[in-house]
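Given as structure tokens, the chain that follows is alone and in the form predicted on its own.
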Amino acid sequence: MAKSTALQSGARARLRTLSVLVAAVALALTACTGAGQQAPAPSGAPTAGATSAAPAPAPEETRTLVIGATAEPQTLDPTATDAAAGPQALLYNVYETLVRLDAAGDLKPLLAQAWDVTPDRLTYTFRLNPAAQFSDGTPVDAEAVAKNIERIQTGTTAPKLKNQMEVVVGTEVVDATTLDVTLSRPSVTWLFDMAGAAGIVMNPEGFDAAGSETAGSGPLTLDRWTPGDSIALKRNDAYWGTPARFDEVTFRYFKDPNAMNASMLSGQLDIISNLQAPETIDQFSDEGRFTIIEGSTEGEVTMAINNGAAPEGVPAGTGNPALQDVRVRKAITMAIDRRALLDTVWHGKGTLIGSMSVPTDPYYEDLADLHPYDPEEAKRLLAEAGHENLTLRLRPPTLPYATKAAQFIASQLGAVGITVQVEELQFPRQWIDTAMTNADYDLTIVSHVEPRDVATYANPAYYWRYDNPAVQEAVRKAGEGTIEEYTTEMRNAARIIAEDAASVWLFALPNLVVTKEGVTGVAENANSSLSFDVTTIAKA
């Protein structure tokens, strides 16, 4: 076997990460282990007859971190839905993976100390860290990892995660700390996917209760979950690696971005994980109190168009048949002044995009002007298609960027003769059930933060209900090919869906983070794992 390990610390680009996976370059891995914890100082009452006694040491102050967030998980199982809210709070903090993504998007060892891949790129051998254990003290062994892979493939887990694990045809437990995983075909992206929710390793004893309890191996574990309010995590004192810096980490959820800002200004929060009212950013300009971090995300703010495809066994959905006409889809795209939308909705923060790809993707091509703003051409296309008096249901989730964008878009589409009925759906449950699962919408808006998600257009069962064999073939070739072929074919797929106006890509969501003075270690860019990783964060 040719040995493949984590990228050297200087390897920053994701394209190089993928190149290492394909070429299986031999490098040595370092285990992630932690120092032991210091025992508390003893205290006691003065002895009889003593004339004086040393004062009892003050109890250690509880070290807390409070993070403001927007999208609340509907379940504590990050593998149960495609929504990003579960991984944001729990991935790497509570649940770990064989490999992880660092802030630069590079693969690093985590539960696996090292891995080998055969020259044909079909079999991976993972060597687990023998110190790794779940929060109840049970070892993280090869059998547990194999059961998690099987659970993703056959259990009630998110469709996208099943697709990511579909390439796996078998696992073999070699010994307690060695696992072989065999693929049906070479895959450039599979190991990359294993650093996200698909690769979560959960204590198999916790499978049945995963929706309301946690059973991970990370530095934190669940303390309490208050639906509608917060998730509080506590330090896992038995953690096998580097101990957590905080005794308690709380994710507080806000539906109103102004309420989240007020909580930050009043000192109730340490971090705003992603500012949802960018026009208010100047409130945090006092550098003596706050730090503003502006970076990038993988999030494509996308107005999905229900294309009407429905593979066998998938709900057909209820989209307007007019949307199956490419002329109508192009008209919708050209009726929207996306630069004005970005300025109005998101204070000009973000990047205009023209397909399901962001500038940090290795196959990115700037297609923002492929269908430029041209309301007169939009009217002409609608007339040519025979849909001059079209009525569409725009069903956005109750997320700030989505509801703001919906009102702007309704006005602009109205100007070209399309009547838009805006019907907001509570997020996450109602939107996921209605739009994502049952495709009961004409148009909807959401930010897709998953990495390399142009591949979702190769899946007719995905909620856009888009079925294009050319895209499916390009994505297949990309996954099975060399790094150069991967880049070429994914760029090809992104261009096909853009030319077909399969959706309207509004902008790439920026990473706007606000921290309290003294909080350090927050990543500038939101990496592809979806995790808001607190293991790198410190607080003075």
Partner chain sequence: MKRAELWVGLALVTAVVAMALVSFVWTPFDATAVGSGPRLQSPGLPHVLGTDHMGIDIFSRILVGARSALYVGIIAVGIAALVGVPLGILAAWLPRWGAEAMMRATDVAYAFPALLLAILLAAVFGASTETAMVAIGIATIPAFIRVTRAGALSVLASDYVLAARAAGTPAPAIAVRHVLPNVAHLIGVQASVSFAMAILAEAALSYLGLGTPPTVPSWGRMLGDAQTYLFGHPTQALWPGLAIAAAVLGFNLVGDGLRDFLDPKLREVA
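The structure presented is a predicted model; accordingly, all values stated were derived computationally and were not measured. Numbering follows the first chain given and starts at 1.
One more form of this protein exists, namely the form predicted in complex with its partner chain; it is left out here, but the text below deals with it.
- Shown without its partner, this chain lists Ala114, Val422, Ile292, Ala238 as candidates; in the predicted bound form, only Val422 has a non-hydrogen atom within 4.5 angstroms of its partner chain.
- Checking Asp366, Asp120, Asp175, Asp256 for any heavy atom within 4.5 Å of its partner chain in the predicted bound form turns up a single hit: Asp256.
- Only one of 176-184, 337-345, 144-152, 375-383 places residue heavy atoms within 4.5 angstroms of its partner chain in the predicted bound form, namely 337-345.
- Its partner chain in the predicted bound form comes within 4.5 Å of a heavy atom belonging to Glu279.
- In the predicted bound form, at least one heavy atom of Ala262 sits within 4.5 Å of a heavy atom of its partner chain.
- When contacts are judged by a 4.5 Å heavy atom cut-off, Phe408 counts as touching its partner chain in the predicted bound form.
- Though the partner is left out of this view, Thr403 does reach within 4.5 Å of its partner chain in the predicted bound form, counting heavy atoms only.
- Contact annotation for 423-449: residues with any non-hydrogen atom within 4.5 angstroms of its partner chain in the predicted bound form are Glu424, Gln426, Arg429, listed in sequence order.
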